[in-house]
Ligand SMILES: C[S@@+](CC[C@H](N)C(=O)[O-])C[C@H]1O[C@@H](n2cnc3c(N)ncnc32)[C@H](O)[C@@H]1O
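Given as structure tokens, the chain that follows is alone and in the form predicted alone.
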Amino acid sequence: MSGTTAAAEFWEARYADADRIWSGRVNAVLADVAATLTPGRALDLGCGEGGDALWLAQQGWRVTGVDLSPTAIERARAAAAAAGIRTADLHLEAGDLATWQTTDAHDLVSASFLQSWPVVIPREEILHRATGFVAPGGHLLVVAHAGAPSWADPEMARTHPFPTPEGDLAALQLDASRWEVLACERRERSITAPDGSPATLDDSVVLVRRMGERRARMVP
């Protein structure tokens, strides 16, 4: 069984175990970054059930969301329809990000919490390929869990692969003459533990900008 097949089967089974896995709320780092940008064309890699993609569409972006799981994509489509989001503003499709291609250039490309454990995906390869989807003047944002939550068993930190900002930046393989690094850091945020007590979680945040003038926004 190939790695991609194993990952697809794993995530399909996980989505089948519950009506919803994720909160549906936008990633706070993505919201902060997008708030500083003029809406244009966006690409959400590993969009899951669509929380980030739907939010971007509601802020005026024309969004493409891609995820390995067809079940996740169907849930995202249902959520978009319920929210009244036009199909012209949000395109969702199932695809293997290790091979998925597009000829479109995007003003914002995001990969938020694109992590898969215990089944491994070619994450570094996917992040490097993501740089090819960014338009001149556009941004690429990579957000990841950088460590186990404060409430977790210490064994989790030893057995789970947690990326670092420096590692994710290196995976992009950027040409320094063509890219500007805007952020490469760990950020702590407050969360709620399963028992309802306050807890914290560290995120890895990498934000880069492709140099050059932004292309004119496409009109539907």
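All residue numbers refer to positions in the sequence shown, first residue = 1. None of these values were measured; they are calculated from a predicted model.
This next part talks about the form predicted together with this ligand, which is not shown.
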Item to check | Stretch in contact in the predicted bound form with this ligand, which is absent here, among 148 to 156, 64 to 72, 187 to 195, 168 to 176 (heavy atoms within 4.5 Å) | outcome: 64 to 72
Next on the checklist: Please tell me whether any heavy atom belonging to Gly40 falls inside 4.5 Å of a heavy atom of this ligand, as the geometry stands in the predicted bound form.
Outcome noted: no
Next on the checklist: Taking this ligand as it sits in the predicted bound form, is Leu54 near enough to touch it, meaning that at least one heavy atom pair lies within 4.5 angstroms?
Outcome noted: no
Checklist entry - Taking heavy atoms and a 4.5 Å cut-off, does Ile126 contact this ligand in the predicted bound form? => result yes
Checklist entry - Using 4.5 Å between non-hydrogen atoms, is Ala80 touching this ligand in the predicted bound form? => result no
Checklist outcome for this item: Picking from Leu140, Leu92, Ile121, Ala144, the single residue whose non-hydrogen atoms come within 4.5 angstroms of this ligand in the predicted bound form is Ile121
Item to check | Residue (of Leu114, Ala105, Ala130, Ile85) lying close to this ligand in the predicted bound form, criterion heavy atoms within 4.5 Å | outcome: Leu114
Next on the checklist: With the partner left out here, which residues of 32 to 46 have a non-hydrogen atom within 4.5 Å of this ligand in the predicted bound form?
Outcome noted: Gly46
